[in-house]
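As structure tokens, one chain now follows by itself in the form predicted on its own.
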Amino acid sequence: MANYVDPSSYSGAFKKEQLSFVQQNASLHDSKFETKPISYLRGCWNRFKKNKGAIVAGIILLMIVAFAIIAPATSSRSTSWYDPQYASVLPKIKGASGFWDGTKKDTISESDFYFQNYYDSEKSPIAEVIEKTTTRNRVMRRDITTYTVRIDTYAIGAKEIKVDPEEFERIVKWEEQTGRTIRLGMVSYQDYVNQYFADLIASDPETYNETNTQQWKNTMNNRYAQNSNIFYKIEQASDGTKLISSLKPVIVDDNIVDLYERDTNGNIITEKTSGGQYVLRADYNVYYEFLYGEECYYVFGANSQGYDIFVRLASGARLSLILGVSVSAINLIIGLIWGSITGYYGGTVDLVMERITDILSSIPFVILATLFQLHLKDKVGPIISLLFAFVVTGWIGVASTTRMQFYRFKNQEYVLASRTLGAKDLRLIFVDILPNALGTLVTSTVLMIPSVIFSESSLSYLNIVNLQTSNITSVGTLLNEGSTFLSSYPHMIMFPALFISLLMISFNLIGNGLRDAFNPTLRGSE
């Protein structure tokens, strides 16, 4: 660089002695790369992780997969386990208070409040009294009192159960060790009801007789039979001669008159024997603790039959994910082979194969799934028949995408050069052309998974497909069950709906991220 003259500042001619060779004695060679080489997949990952939405969606999806795998293994309940006594209970976390504690807010009348809080149950379902309101009813010309309360949906109270002698001995021993009471007093109501109506008819034969009191008698018997919490005498409310009316407890000297069975010494009888078994009137909440060693709670609540929604949702999620991944993998393989052949060879081969594709694509999927369920379900089962329905036409989209990519790349210079050097068709298809189409195909395959899950959920929700058995269920089946109780027990449909929503959003965000990572030229396109 000696004797350098800036050309922009020189207006005359250059002289020879003013010039010299810059690298006359230098050894010239290529400089070493300072950075490590990046593979195609590494480059895709670097581009993918810059998409924050796709990363967050990936984390959510991993949590969903972990939930589907781990939840059934960590729960003490199986998918087929259920307890009808806890049917429709609300979500509850052990030890929670005030939120997610299995209670619900309700407004009840004054008579219901007294029945539930004092008479109707030996374990009151009223967990908290929030507010007492008194309003004047102008039509009835009297004050109406209502209570806003929190109802504990887990307060079952008394239930009649039958146990074998061995279990009865364990119950007695458990009560002695823990100081808890399972056995409540046995109640005998039939003699009381018969005597009650006999006295009623005798007191006023002109008004009451066997015929016009029979319906009321049945009402009393049914109430005793259906509600084991009633341990006291009940009678007609004093409202004239109306027989079918509200029933109230019999109270003498401010004490409720019970119907407990007693022995000759006046002690309350807590068990009977029938057919080699013991019949108990048990405090069911305490009995559950005896059976399973812990207080009953359902993290996501229970459905109308008493199944654990948490466990069944995990089972349904696992089934849906397996079905979605399996269908996508099969459709990817079939679509790749079909699309590669049509796109690579073209001409008559393409024409014939595309017409076959057109015929298959014209078949409505719902009709196809329905026919498969009608004619194949009994032979191969509902899951396999649904898998066939997805596979019959599901690969057409992948095949179309593959064909389009082959038409795009098969006439590129590097493919022509490879053919000139003697490459066979299989090498050209699977080594030279197909890798360049992987970006678009991977995106299509990933987006196929939520599509399959959503289609299965829709078919199950519409009751076209029923994948539920005693051991398995699906998300769509849970949605179908919960829709019946949407207004009264929204938790039954809320958790399956939340699951399917998160799954669809996550897969779509991941699909967009993969599209941008594998195909940077399509970044931002919709």
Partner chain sequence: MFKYILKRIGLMIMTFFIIFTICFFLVRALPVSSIGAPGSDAEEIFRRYREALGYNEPLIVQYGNFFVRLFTATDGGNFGYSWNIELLTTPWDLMSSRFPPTVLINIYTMIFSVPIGIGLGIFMALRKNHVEDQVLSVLVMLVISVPSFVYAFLIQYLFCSVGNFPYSTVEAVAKYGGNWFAPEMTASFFLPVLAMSFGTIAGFSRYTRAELTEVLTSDFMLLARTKGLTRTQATIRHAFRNSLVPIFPMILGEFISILSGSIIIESVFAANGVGGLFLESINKRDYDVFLFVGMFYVLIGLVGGLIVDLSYGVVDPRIRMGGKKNG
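All of these numbers come straight from a predicted model, not from anything done at the bench. Residue numbers count along the first chain shown, from 1.
Here the subject shifts to the form predicted together with the partner chain, a form of this protein not shown in this document.
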Kindly confirm or deny that 374, 483 and 486 each have some heavy atom within 4.5 angstroms of the partner chain in the model of the complex. yes
Heavy atom within 4.5 Å of the partner chain in the model of the complex - the one residue of 201, 426, 367, 330 that qualifies: 367
Considering the partner chain in the model of the complex, which of 106, 143, 354, 122 comes within 4.5 Å of it through any heavy atom? 354
Is residue 63 part of the interface with the partner chain in the model of the complex - any heavy atom within 4.5 Å? no
Residue 468 near the partner chain in the model of the complex, any heavy atom under 4.5 Å? no
Evaluate residue 363 for contact with the partner chain in the model of the complex, applying a 4.5 angstroms cut-off between non-hydrogen atoms, and reply yes or no. yes
Using 4.5 Å between non-hydrogen atoms, is residue 68 touching the partner chain in the model of the complex? no
Only one of 69-77, 403-411, 288-296, 272-280 has residues with a heavy atom within 4.5 Å of the partner chain in the model of the complex, and that stretch is 403-411
Residues from 163-185 in contact with the partner chain (non-hydrogen atom within 4.5 Å) in the model of the complex: none
